[in-house]
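The chain below stands alone, shown as structure tokens; this is the form predicted alone.
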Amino acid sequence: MSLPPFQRFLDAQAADVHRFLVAAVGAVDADDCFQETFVSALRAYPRLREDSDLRAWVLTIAHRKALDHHRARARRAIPASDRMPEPVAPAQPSALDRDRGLWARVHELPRKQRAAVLLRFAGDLSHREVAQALGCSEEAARRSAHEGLKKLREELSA
């Protein structure tokens, strides 16, 4: 079986990759990471083996772009004028606010647990595919996702 044309591959994977990146880096930076992911994928696509798992492959690239983004953000200086003003009155949390709070807690997990939870639940990958993306055993990927979920449950129930 030969690889599909790149445009068909992009059309088939775009929604999953974007959803994963929104969860991994946030809605504001997801578009930039999305573009970088598919530029890298386009460059590597001709060298890809025909029996490759395309979804796991492109989500691995997206995961690495998200890591690059987090590393670059950690090195950036934050001007004092970029501080957000204090809210005038506390508002009732909406479902969207609760989702943002959950994803903020996911971002605070240790690196391997965060990656395993994001790839498993935002990327909807199997534990085998998560293991391939992270370069570890399937059992290690399963354990990282389990430990991440356990920590999230503990924090949310406290």
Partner chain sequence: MTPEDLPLPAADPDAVAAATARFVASAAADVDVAYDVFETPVGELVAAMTPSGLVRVAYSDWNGGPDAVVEDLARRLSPRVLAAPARLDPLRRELEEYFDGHRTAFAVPLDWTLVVAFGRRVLRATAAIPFGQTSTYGRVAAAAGNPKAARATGNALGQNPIPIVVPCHRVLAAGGLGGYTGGTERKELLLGVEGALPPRLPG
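No experiment lies behind these values; they were computed from the predicted model shown. Positions refer to the first chain, counted from 1.
Here the subject shifts to the form predicted in complex with the partner chain, a form of this protein not shown in this document.
Among heavy atoms of residue 122, some come within 4.5 Å of the partner chain in the model of the complex. Residue contact check for residue 39: one or more of its heavy atoms lie within 4.5 Å of the partner chain in the model of the complex. A residue is said to contact a partner when one of its heavy atoms sits within 4.5 Å of a partner heavy atom; residue 102 meets this definition for the partner chain in the model of the complex. Although the partner is absent here, residue 149 lies within 4.5 Å of the partner chain in the model of the complex, judged by heavy atoms. Annotation for 23-59: interface residues with the partner chain in the model of the complex are 23, 31, 32, 34, 35, 38, 39, 42, 43, 45, 46 [heavy atom within 4.5 Å].
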